[in-house]
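Given next, in C-alpha cells, is a single chain: the form predicted on its own.
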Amino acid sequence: MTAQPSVVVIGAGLAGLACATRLLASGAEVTVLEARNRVGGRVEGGHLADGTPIELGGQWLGPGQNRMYELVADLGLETFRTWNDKGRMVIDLRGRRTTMRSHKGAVPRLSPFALADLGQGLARFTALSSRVDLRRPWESPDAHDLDGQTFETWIRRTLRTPSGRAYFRIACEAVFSADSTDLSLLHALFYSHSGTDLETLLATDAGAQQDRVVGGSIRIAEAMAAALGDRVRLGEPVRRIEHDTAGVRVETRTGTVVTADRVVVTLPPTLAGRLEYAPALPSWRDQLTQRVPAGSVIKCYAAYDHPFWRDAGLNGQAASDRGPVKVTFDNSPPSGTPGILMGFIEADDGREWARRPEQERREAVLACFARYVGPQALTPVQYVERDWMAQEFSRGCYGAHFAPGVWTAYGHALRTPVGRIHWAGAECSPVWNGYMEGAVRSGETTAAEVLAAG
C-alpha cells in the first residue's frame, strides 16, 4: 500500500476543516494551523446578553447547496426557515416606499416602463451569465470583452430607467458587498451563474437566504473541528512557507514549525499573498493576489423584546437605495423571541461608515431600521455589530471580487498548485463561489487533488 502524504492545512474555516476531514478519512496525517483563537473563519458565532445565539458572519443555506445540507444532517444539526412566508418586504427606491411579497421572481411595484426595463435587464443578464464557463471563466465566449468592463458600465448601457439601474446596483452591493464600479462584468456573470442565477442569490424562499442553522452556522465548524481533535491548533498565524521538491516547512508567528509533504492554503487570495514564500511564488500567482480584494461590510444587529414588525404585516426584509443600511432581514431565532433585525452596511457605505464612531454608526443603523419597520426600531434592548474589514485575518467579507481584466489575465493561477502548495477556499470553487457551500466543496476537491498527487 502507498503511504498517504502528511499535510499542513492553513486556516480552520469551512474550507480548511472540510479539506482536513477528507484527508484524515483517507489516512493522511493532518495538521491544521489557525491564526484566530477560534475556528470558522468568516463564519463566526456570538450571543446576545440573554444568551440568544447570533451569527456575526456567514449564515444562510439555500436550494442547490446540497453539500451543506448533507453536512448539517451528518453532524446532527437542524435548519429552520428565514422568516419570510408571512408579511411583506419593504421596498424603498428613489424616495418611494412600497411593499411586496419576497419570493423568487418577485419584482417591486414600478411604473410599466420601469418594470419592462428591469425585466429586459434581468433577461439579458441571465442569458449572458448562463454562457460563462464556471471552471474556466476566462475561456467563455467574449470573455475579454466582458472582463474589460465594469458591472456598472453594463448597467448604464443596458438599463434605461433610474429604478432599473438602482435595482442592479443594490443587488451588486447585497451580493458582493462591493460597488458595481469595483468588479468586472465577467465576474458578476460568473458569480451569478455559480450560484444558479442572480435572482436565486437575491431571494429568500427558493433562494440563497432560505434557511439557517439552529443555534448558528458556527456549530458546523465547531463540530468538524471537534472531530479533528488536537490536529487543529488555534492561535498560530502562519508567517512563512518554505517549499521544495522534498516537502514543505511551515512557520508561524509564535515560532511553531511544522514539516509535511504538502500544504493547503485556504486563506482568501489577498491574505494568502501576504505570507512569505521561499522560494517566492511565480509572478502570475503573486500578481493575482494583488488584484482580488475582499468586499467591504459591517454586519449590524438590533434586538427587541419581540418582532414587532410582524404585527404590522412586515417580514423584516427591506431593500433600499438609501443607506447606510440598504438591506435588512428578520434574524430572530425559531421561537421568534427576542425579535432581531439584521442589516448590512456594504460597499462604499461600509468603507465610509467604518471610519465613523460606533455610536454614530449605531444611530444611523437604527434610523434606517425605523424607516423600514417603524419608530419602535429606535429603542432596541441591545445593538451588536461586526466590522469584517477590521478583522485582521479576514480584512473584509463576504468574499473576494475580481476587478476588470483579472479573470482573463490571471484566472488560470487561482486554483493551480505551485509545486507542493495547493489552494482552497470559497473563492476557489466553481460552484457556489463565495458561499459556505463553495468553501466546503473547494476543501474537499483540494483534498482529493492532494491525495492524487501523493
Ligand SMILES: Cc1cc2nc3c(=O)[nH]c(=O)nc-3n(C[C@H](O)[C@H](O)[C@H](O)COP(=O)(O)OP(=O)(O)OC[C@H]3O[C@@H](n4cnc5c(N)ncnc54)[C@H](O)[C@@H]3O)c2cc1C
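The shown structure was predicted, so the numbers you read here are calculated from the model rather than taken from an experiment. Counting begins at 1, following the sequence as shown.
Keep in mind the form predicted in complex with this ligand is missing from the figure; the text below concerns it.
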Residues Ile10, Gly40 and Cys397 are flagged as a possible site; in the predicted bound form, is every one of them within 4.5 Å of this ligand by some non-hydrogen atom? yes
Taking this ligand in the predicted bound form as the reference, which of Ile54, Val406, Leu33, Leu414 has a non-hydrogen atom within 4.5 Å? Leu33
If you check Val258, Met100, Leu275, Ala367 against this ligand in the predicted bound form, which one has a heavy atom within 4.5 Å? Leu275
Does at least one non-hydrogen atom of Asp179 fall within 4.5 angstroms of this ligand in the predicted bound form? no
Just checking whether Asp349 would be counted as a contact of this ligand in the predicted bound form - the rule being heavy atoms within 4.5 angstroms. no
Can you tell me whether Trp423 touches this ligand? I mean in the predicted bound form, with a 4.5 angstroms heavy atom cut-off. no
With a cut-off of 4.5 Å between heavy atoms, is Trp60 one of the residues that contacts this ligand in the predicted bound form? yes
Tell me, please, which stretch of 423 to 431, 406 to 414, 46 to 54, 22 to 30 lies within 4.5 angstroms of this ligand in the predicted bound form when heavy atoms are compared? 423 to 431
Under the 4.5 Å heavy atom criterion, name the residues of 250 to 272 that approach this ligand in the predicted bound form, in sequence order. Thr266, Leu267, Pro268, Leu271
